[in-house]
Structure formats: C-alpha cells, structure tokens
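A lone chain, given as structure tokens: the form predicted on its own.
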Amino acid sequence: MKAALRFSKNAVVGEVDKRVFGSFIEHLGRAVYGGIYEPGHPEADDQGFRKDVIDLVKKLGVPIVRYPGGNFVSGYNWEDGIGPKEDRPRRLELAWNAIETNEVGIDEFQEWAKRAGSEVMMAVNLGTRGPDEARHLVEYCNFPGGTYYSDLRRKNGFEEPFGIKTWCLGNEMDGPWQMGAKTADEYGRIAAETAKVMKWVDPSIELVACGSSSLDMPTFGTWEATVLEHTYNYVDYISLHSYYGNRQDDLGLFLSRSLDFGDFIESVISICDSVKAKKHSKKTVNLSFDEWNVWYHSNEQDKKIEPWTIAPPQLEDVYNFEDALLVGCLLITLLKHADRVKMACMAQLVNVIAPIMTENGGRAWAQTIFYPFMHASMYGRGTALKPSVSCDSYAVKGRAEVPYLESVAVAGEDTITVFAVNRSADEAMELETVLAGFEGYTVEEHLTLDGHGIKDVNTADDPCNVIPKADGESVMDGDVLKSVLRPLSWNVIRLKK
C-alpha cells in the first residue's frame, strides 16, 4: 500500500499548549488510595506518596491534573479534606458507592502535584453546593492571607498560596447520574454566578464550563449553546468528554473512532463561534477535552464490587495493543485541533482507566496506552502542522471512508516530529512525506509500537510485553521523507536539522 503526506511551513494548525497532555485523578477506586498515595508502601515518601508512581508520571510529562472529579466532585465538601487528618470525617460517597476517608484532600494533592512536576486543575462542586463554597475554596487556595479562609490555609501549615490557575465549574451537569444534575439553563445560571465570584476573588484564574457529557447525549448542541449564552463573558473554555470501547470486537470500527472524536471537537468549535458571533464578542472560548480514553474492559467486573468499601478496585481496565493504537489516533486528533483544544486530560492517571497500574503494597507498571501518550507529550510540543493526506481507505458502519493513515506533525525550533498510525491489519504502508519549506533535516529516530497481537497486554509480571522500539524504517531523500509503516503500527519519526 502506498500513501502520500505533505506538510508545509506555511500551513500550520497552531501552537500546541502543553496542557493538552494533561490527566485526571478522581477520588474513585484506587486512583488516590493505593495509586498515588499509600503510606507504609516501600516506595512511599515522607507524605505517603508512592515514588514509583511519581517516577512514571514524570516520564509521561503530565503538566496539569484535574482533581478531585469527576462525578465525585458533585457531592464533595472541600472542607473535609483540609487540616489535621485525625479530624477529617468519613463520608458516604454516592457517586461510586464507596466510603471516602478524606485522608487526601487539596492540602495533600497540591503537594503531590508539585512533586510530580505538575499543576492542579481544580473542580468545584456545582451539584450539591454553589457559588459560596466555590469562592471560599479559591480564597483558601489562592489568597495570600489576612482573611478567614486564607488564614485557615496558613494555620494548616501552608504559608504561601497554592496558586491554582485553572478551575472547572462542576462536572457533567447534564447527566442524570450526577448529584444535583441540572437543565442547561439551571446550570448556565449557577455557573455564570459562580464564575463571577471566583474571578472577583482571583481575577487571574481561568474557568472551564461543563459541556455535554458525550456526543451521544440527547441535549448535545443545545446544551452547549444555552450554557454559553449564560457564561460566555465569564469562562475561558468549555469541556468535552468521550470514551470508546471495542464492544463489537470490530477492529476497523474501533480504530475509526478517532474520526468521531474529531467530529465532536469541530461541532463544539462551531457552537462556540456561533455564540461568539451572536454576542458580537471579540473573545474566543476554547476547548478543554478534560476526559478522554478507552473505557469498557472493566464494565462487567465493576458490577460485582461490594458497595460501601474503601478504595475498591473500580474501573481497572487492562489495556491491550489495539487500545494503544486508538489512543495514538486520538492524540493525533487532539494535535490536529491544537488551535482550539488548549487543554485535555486523559482519564485517568493511575489504576482507574489509566496508563499506570499498581499493586497495593507492590509493583507499579506502564500499560500499553502509556507509550503513545508519553511519545506525544515528549515530542509533540511546538507548532502543529496541517496534514495533507492521500491514501486508501476502508468503510465501516456509519462511515464510508476511514483512511488507513492517521497522521500529524509538530515542528520545534530545529525539530520535526511526524506521528502516524497505519490502521491496516494486513498491509505495510510505503509513505512518502513532503516537507515543504523545511530544509536540511535528517532522520534522528523512528520509534514504533507494532508487531503485537491486538489483545496483548502488559502485566506486573510481564511489564515489557508491549513496549516501543527504535527500529522503524525512515530515510530522507531531499525534502521527502520515505518511511515504511508496518501493519497496525504507531510511529514517531523524529527529524532534526
């Protein structure tokens, strides 16, 4: 199979915001307890954080982590997670039918984020609470001192403000599963009023309004338009959430889902810009795709979990090779929309539908999806270039043309990185990539993730079963990059001037 790809120095998408490589930690399952935090573990530091997990997070280069939810946040009292741990209450956690000990709260999490080289994207409860509690939380986190909540932070041992700059106005408020679910008008009004008082406390913060919980919600589109009618002057981003699963065991259909992902992004951009025009605004609201991943493997096992336990093993998907290929395609799609998708969070980071897995008291390892994310985070920072693609395609239910090649390139100061997935299960792809306006580049490395059975996984006993290699076939011929993309492969072709 032959394919042609063209990138031009004059055809750019936009600058990649590093926050597009964000992630998510919710008080759900073993994400916090047994994930990032496990006092008494051989790898625990002085605060009880697992250093082996922090090391893996640093390898991913995650610049921002959304916290503490998720569905969890819609019933969360943030005051439960501050101050002396012995005084913190245990609560019934209704979102996930568990007991929350509150041993970890914002006091601890902001410290974990620093140690992991990341920042906090903080969510506020707009389900069972509202503007008053949100403004107090901003004061606690960000105000220097001399007021009730800022002095409470100082009393709790944190003299300097946490300086949290990115805040989510609730979570999935259109979903009937959400505590305090709302209509678009109800949510839009409370989100606007909450945004006002939060920014009055700290004008430097950026705010994310809740978009639809998925593209399949019956209110999708009208929800975004109505919410933005209320909040446009106060918020900086609107959120998108999407998860995918190969429930039909149809590989071609599964790998096409990144096209649905792109359609979702473009639809929300259109709605944002429609409201902008209607309001005669000069301000552009961008997108925060703050929940995305593959999620379906654990659905059946989660039905067997005993309710009202502490940190049960929930949503612990074990990812395989085909999942890594789709995650690669989704990352490429985010980069292809770098002009408007300025933040994104792979949901989640540890144990819960996550690239990192742990054993309580034991080992930590990288799942298959860890590697495309790591590559994109390491080498996908710079200016995203618009791809011009010519290749064969195949048809799936609901879509007549799915190109075998999915690709984007990112240019740095003296580097170009081409990310590419060959969706074909049978044929290698002979790819010629023209780099118009780029001269004097040589191939530094061609990383691949390929050659595995589509159901192959990594485990604690065999953590290197599915890992990348630097054995790709790429050469420069003038300004043309000639590559071979093996069947079902994730490729990272790194060029240097």
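Note that the structure is predicted; figures quoted are calculated from it, not measured. A residue's number is simply how far along the shown sequence it sits, counting from 1.
Form predicted together with a small molecule: not shown, discussed below.
Q: Please name which of the stretches 393-401, 240-248, 358-366, 107-115 has residues with heavy atoms lying within 4.5 Å of the small molecule in the predicted complex.
A: The contacting stretch here is 240-248.
Q: Pick from Phe264, Tyr379, Phe254, Trp96: which has a non-hydrogen atom within 4.5 Å of the small molecule in the predicted complex?
A: Contact check passes for Trp96.
Q: Going by heavy atom distances of 4.5 angstroms or less, which of Ser212, Thr194, Gln348, Asn125 would be at the interface with the small molecule in the predicted complex?
A: Going through each option in turn, the one that passes is Gln348.
Q: So in the predicted complex, is the small molecule close enough to Ile353 to count as touching (4.5 Å, heavy atoms)?
A: Ile353: yes, in contact with the small molecule in the predicted complex.
Q: With the cut-off set at 4.5 Å between non-hydrogen atoms, does Glu172 touch the small molecule in the predicted complex?
A: Answer yes; at least one heavy atom of Glu172 falls within 4.5 Å of the small molecule in the predicted complex.
Q: Look up in the predicted complex whether Trp308 has a non-hydrogen atom within 4.5 angstroms of the small molecule, and give yes or no.
A: No, no contact at 4.5 Å.
Q: My question is simply whether Thr333 lines the interface with the small molecule in the predicted complex - judged by any non-hydrogen atom within 4.5 Å.
A: No - in the predicted complex, heavy atoms of Thr333 and the small molecule never come within 4.5 Å of each other.
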